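Shown next as structure tokens: one chain only, the form predicted on its own.
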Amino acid sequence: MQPMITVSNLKKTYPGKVPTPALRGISLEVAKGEFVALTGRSGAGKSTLLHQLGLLDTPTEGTLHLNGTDVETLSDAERTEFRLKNLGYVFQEYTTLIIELTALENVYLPHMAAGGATRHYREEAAELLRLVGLGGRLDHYPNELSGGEQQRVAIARALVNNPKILFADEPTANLDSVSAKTVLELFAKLRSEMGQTIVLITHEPEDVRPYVDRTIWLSDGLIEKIETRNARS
């Protein structure tokens, strides 16, 4: 089966009086339906790598294929279209929800931005909120939801375009332990029941270990080691 993500010798150097190398040559593959965590100390390159994989930034060197597409050959407009149609994002700041919109409206917001919300999109958004356990919160505003519930709304919104890959940047960092566990269990459910490919950044590898297929440890812009669920190495 063709990998969902293939990275070869990916490098990223930030320019300046003294250029700063953030990624020094990353090569890896992520299979379709795999749940992978990226971890390591601050400055190890986790967020930089996620930004390259999620097409939020461009690498200095190397190749990147997503779902069989060589994304480096795409124009800016094609990259934007590919990102909208194939990728979903969840960030630690669930405050990115629009406070004037209900949970339901926040979820179908991407469709609204693309040209209006039809009844079909509302029904799809409602189904996604039921999937994340918020079927009874459709008409609640963000300030009427707990932090964990707001993050689940953000996850539902990230899924509304049926992304091939879901990227999550420390999605539990601002949550209490109970809410964090609920969110991680939700990601695991998406992976096991829907075959969703997920790449997640965490500073707490022990917390995500029971849920992910692999944990990739980064250090100084390189892969230090890779742990699998059944064989830690």
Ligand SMILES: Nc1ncnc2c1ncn2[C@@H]1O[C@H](COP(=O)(O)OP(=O)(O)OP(=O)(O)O)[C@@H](O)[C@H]1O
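Throughout, we count residues from 1 along the sequence that is shown. Here the structure is a predicted model, which is why all the values come from computation and not from measurement.
Absent from the display: the form predicted together with the ligand. The rest refers to it.
- Residue contact check for residue 102: none of its heavy atoms lie within 4.5 Å of the ligand in the model of the complex.
- The ligand in the model of the complex comes within 4.5 Å of a heavy atom belonging to residue 170.
- Although the partner is absent here, residue 182 is not a contact residue: none of its heavy atoms lies within 4.5 angstroms of the ligand in the model of the complex.
- Put simply, residue 22 is close to the ligand in the model of the complex: some heavy atom of it is within 4.5 Å.
- Look at 45-53, 62-70, 26-34, 204-212: in the model of the complex, residues with non-hydrogen atoms within 4.5 angstroms of the ligand sit in 45-53.
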